[in-house]
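Below you'll find only one chain, the form predicted on its own, shown as structure tokens.
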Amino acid sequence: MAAGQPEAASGALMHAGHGMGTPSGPGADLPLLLPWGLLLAAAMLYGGLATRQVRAGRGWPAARSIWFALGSLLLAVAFSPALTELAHADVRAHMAQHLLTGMFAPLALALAWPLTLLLRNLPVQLARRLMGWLHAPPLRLLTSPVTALLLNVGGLSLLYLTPLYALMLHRPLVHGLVQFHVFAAGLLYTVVVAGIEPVVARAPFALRVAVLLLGTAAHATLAKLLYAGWWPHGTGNPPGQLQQAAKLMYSWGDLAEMLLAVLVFWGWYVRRGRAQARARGSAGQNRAVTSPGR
């Protein structure tokens, strides 16, 4: 919708669209509560596996459990029935849901290292089989930084630059599928770019930084297109509301990308320090071998 159209007309269109396809009557809230049930199950599983590690004497950093709790809390807020209902009528609420689901919650969950926790709890043979499956060529392609970028930013482009956004406002199933994709693609992008978790062989640092820069630029460009009022079409969002949503996407999106950049460079710094320590250790052993009398 063009930025200059009267807000009253836009609001009327939006109101007319709001609620279409939304279930009503007894049990109508059950689909809205399903994400909370899945989150609760995931939290119980993570807590049980972490406790098992501690009781076995292998330990599990408390910080990772805290990150998992924070990520789960952010998702619980994003998938709350109240915010989901509001997101159908107000693009600003939709944008808040997008930022929580696709950017900030994945950051916290990536730092919880859930896959590593699962692998440590599996029998050795089963863990090796799972790792072999994760490193198989199809999944290596799926979890490459470039593929993760295409799934993440490409998915957002399809959402806002096609009629998909208008469709998800009227079809609860489409809304649910879009939300799942935003979360899954955001988590994959975060894990792959950060280079944590043994999902695949870690991509080169320079490639991950290049993907991060491209992703940041693409996200900011989409926000500017929304601010200009060029997209999305057919939603009836008032221009002022759309501009505020674009500001949220631009500023908070940059913050999330900056935090991800800190994670990327911190990982590089730690691994470089370990490599230098190993090199110094090897050099010391070589000197001891070549000068046994000293």
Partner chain sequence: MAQPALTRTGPGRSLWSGVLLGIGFMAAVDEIVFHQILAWHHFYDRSTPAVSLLSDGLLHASELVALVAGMFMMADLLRSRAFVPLFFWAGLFLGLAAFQLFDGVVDHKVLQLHQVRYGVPILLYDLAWNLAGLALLLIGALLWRRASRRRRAGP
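It should be emphasised that the depicted structure is a prediction, and the values quoted were computed from it without experimental measurement. Numbering follows the first chain given and starts at 1.
Missing here is the form predicted together with the partner chain; even so, the following discussion is about that form.
With the partner removed from view, the residue among 203, 220, 161, 119 that has a non-hydrogen atom within 4.5 Å of the partner chain in the model of the complex turns out to be 220.
With the partner removed from view, the residue among 63, 54, 38, 228 that has a non-hydrogen atom within 4.5 Å of the partner chain in the model of the complex turns out to be 228. Using a 4.5 Å heavy atom cutoff, 214, 261 and 269 all lie near the partner chain in the model of the complex. Heavy atoms within 4.5 Å of the partner chain in the model of the complex belong, among the stretches 206-214, 178-186, 123-131, 70-78, to residues of 206-214. Using a 4.5 angstroms limit between non-hydrogen atoms, residue 281 is distant from the partner chain in the model of the complex. Taking the partner from the other structure, the partner chain in the model of the complex has a heavy atom within 4.5 Å of a heavy atom of residue 250. The partner chain in the model of the complex is approached by residue 224, whose closest heavy atom lies within 4.5 angstroms of it.
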